[in-house]
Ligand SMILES: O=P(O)(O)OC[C@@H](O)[C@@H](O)c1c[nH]c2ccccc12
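Heads up, the chain below is alone and in the form predicted alone; it's given as structure tokens.
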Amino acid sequence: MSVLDEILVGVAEDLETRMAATSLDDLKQQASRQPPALDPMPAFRSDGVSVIAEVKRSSPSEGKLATIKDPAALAADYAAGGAAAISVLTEERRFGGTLADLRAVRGTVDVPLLRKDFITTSYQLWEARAAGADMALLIVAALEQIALESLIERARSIGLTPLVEVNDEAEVHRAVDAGANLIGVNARNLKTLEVDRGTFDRLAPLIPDTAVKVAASGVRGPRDVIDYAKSGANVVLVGETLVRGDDPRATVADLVAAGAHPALQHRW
């Protein structure tokens, strides 16, 4: 059993518990009380490279990364540093996150929020929207093609922008065939946890220019932002570098400044 398979087993068990406690109808009522979802795409399609900053306590590969007692305060620092969007991990067993983190962040910042989790059902999409998310992560490796297509359509129907994650050539083709227009290339293989920093370089040319290309994993500083941009990235998603640093606001600001470099303008 791969690492991804193990994670999905735990996610399914935790999902059953939440579904027993909160009905789908209740979630839809909660979602209806949320303000309209924010659209991240105009910022992502603007000149330069946008930054998605991530609230992340731990990971299967690195273990505990940071003690984040106040995710809302961290998110506020990210927003103040110029992050175009904020990603919030809500998977508890391996990443130490919860939907409560997402709700806390939503109550503090006014930039688009991504629910980053292992979403395999429409119930989880409704959870995301009810908690204030504007985007939802869909991992191609975790989904059959019919499910991927269905979840992309359902996400959009309830106001969420789907960020579709890929890690190899076949997954890129599946994402494109499913109609994804926001595609994230994860340098980390979730089945083995190995990182290949050349993954984005290899896969970006396969993604249509009409889609927004997100480089996820492997951003250690401004130089990496520029390198990813030269390979075609419109957006970078940064987590570990930020939560391990002493000054997340300044670190985000440095990454945003790198993404705004004059040489990276007018790429659409």
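The structure displayed is predicted, hence computed values, not measured ones. Residues carry their position along the shown sequence, with the first being 1.
This protein has a second form, the form predicted in complex with the named molecule, left out of what is shown; the following refers to that one.
Practice item. Go ahead and superimpose the pocket C-alphas, place the named molecule as found in the predicted bound form, and count ligand atoms within 2.4 angstroms of backbone or C-beta atoms: 3 or more is blocked, zero is open. Key: The pocket is open.
Point to revise | Proximity to the named molecule in the predicted bound form, single hit among L74, L137, A155, V88 (heavy atom within 4.5 Å) | key: Contact check passes for L137.
Check your understanding: Picking from 98-106, 125-133, 185-193, 172-180, which part of the chain touches the named molecule in the predicted bound form when contact means heavy atoms within 4.5 Å?
Key -> Partner-contacting stretch among the options: 185-193.
Check your understanding: Taking 4.5 angstroms as the cut-off for heavy atoms, does G239 touch the named molecule in the predicted bound form?
Key -> Within the cut-off, so yes.
**Study point:** Heavy atom of P40 within 4.5 Å of the named molecule in the predicted bound form
**Key:** No, P40 sits far enough from the named molecule in the predicted bound form that none of its heavy atoms falls within 4.5 Å.
Check your understanding: According to a 4.5 angstroms non-hydrogen atom cut-off, is K213 in contact with the named molecule in the predicted bound form?
Key -> No, K213 sits far enough from the named molecule in the predicted bound form that none of its heavy atoms falls within 4.5 Å.
Practice item. Report yes if any heavy atom of T199 sits within 4.5 Å of a heavy atom of the named molecule in the predicted bound form; otherwise report no. Key: Contact check for T199: no, nothing within 4.5 Å of the named molecule in the predicted bound form.
Point to revise | Members of 95-132 lying within 4.5 angstroms of the named molecule, judged by heavy atom, in the predicted bound form | key: F95, K116, F118 sit within 4.5 Å of the partner.
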